[in-house]
Ligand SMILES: C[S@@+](CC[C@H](N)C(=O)[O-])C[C@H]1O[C@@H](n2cnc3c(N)ncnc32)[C@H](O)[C@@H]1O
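Encoded as structure tokens, the following chain is the form predicted alone, with no partner shown.
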Amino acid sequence: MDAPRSTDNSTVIKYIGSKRLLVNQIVSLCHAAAPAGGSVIDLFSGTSRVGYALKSAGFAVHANDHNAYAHNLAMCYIQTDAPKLIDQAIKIIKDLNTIAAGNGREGFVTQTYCLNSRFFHPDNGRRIDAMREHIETLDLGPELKAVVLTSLIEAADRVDSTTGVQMAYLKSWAPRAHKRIELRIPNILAHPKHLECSAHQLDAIDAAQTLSANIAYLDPPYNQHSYLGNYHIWETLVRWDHPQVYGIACKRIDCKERKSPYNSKVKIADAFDQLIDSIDADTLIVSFNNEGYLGREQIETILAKRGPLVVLDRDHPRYVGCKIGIHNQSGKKVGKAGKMCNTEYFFIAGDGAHRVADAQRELVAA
């Protein structure tokens, strides 16, 4: 059985706050801020969709995220230099698909996420258990293991039974949940010529004090919803630590303990202010929206100390859950769908702000 290739140009897992529709604009802003190319720190890398696009555009990207699953994605899509290990990855993923073609074995995933909850059909749960256990027996370097685990995460995402976050699952199986899980080769990139890219797993403030680049891109959490809580299964698939779980969604117990100041209305302003003071970059590009704990004026005040400031905004579709409405734990609809769009802001501060402003004027004039 051959290992099929991913047809997308970056990670494709369903992800709240994804910049899929904004990524081209972000790349354009970086080109305007540093027209000769250069380096970018992505301090809250998430799925690495933005970092992947910047790497593809010729920037040296240094991605950071404190969650293990996000660091794994960054290892795969940012730090890995494709020519060095693609052949090995193809062989391993082909072997894993052969394992998945069997009946599999019932383990932690099946019990926790298929029987105690309903995130995956038990047939796929057994296949995931068998593949993940096999991966653990292999002597893989960190980058190759990240590529293989990314392939598994993306495959599991294609057969889950959720609306896209792991806070809850559907009352009835989603049609895709009945499909047999199949791994694909992630579409990893070669490094830009003569440039190294890297992935880090640090708190944002520690990464800011460690890394330096021409541009720092920031897309921090903006409200009470924790990315760890929303994607706790991916965290467990990467860590493979068989954690204690709680609640109907079988969330990792550390979802209660690992709290980010960016998920706190009380703490976010001070955390953001300290982070901005710590960043070693000539230009800062901050993505935030009008539903966040920080208002536009607060962000402008904090960023003003970094020099010239330009603010751009555009309408952006909200996450799919807002279109569905609010349901209780038994699947009964108890709330109405929310508004369909919010306003996404880009704050550009520092040396590159005037270049971005000039580029915007030229665009309008054209």
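Bear in mind that the values here come from a model prediction, so they are computed numbers and not experimental data. Throughout, we count residues from 1 along the sequence that is shown.
Unshown form predicted in complex with this ligand; subsequent notes refer to it.
With this ligand omitted here, the record of contacts in the predicted complex names 203 to 211 of 153 to 161, 203 to 211, 176 to 184, 190 to 198, defined by a heavy atom within 4.5 Å. F59 falls outside the set of residues with a heavy atom inside 4.5 Å of this ligand in the predicted complex.
Although the partner is absent here, Q25 is not a contact residue: none of its heavy atoms lies within 4.5 angstroms of this ligand in the predicted complex.
Remark: L303 does not count among the residues lining this ligand in the predicted complex, judged by a heavy atom distance of 4.5 Å or less. Of the heavy atoms in I41, none are within 4.5 Å of this ligand in the predicted complex. For the options Y227, Y169, F288, F120, the one in contact with this ligand in the predicted complex, meaning a heavy atom within 4.5 Å, is Y227. When contacts are defined as a non-hydrogen atom within 4.5 Å, all of S45, N64 and N67 contact this ligand in the predicted complex.
Residues from 15 to 32 that approach this ligand in the predicted complex with a non-hydrogen atom closer than or equal to 4.5 Å are Y15, G17, S18, K19, in the order they occur in the chain.
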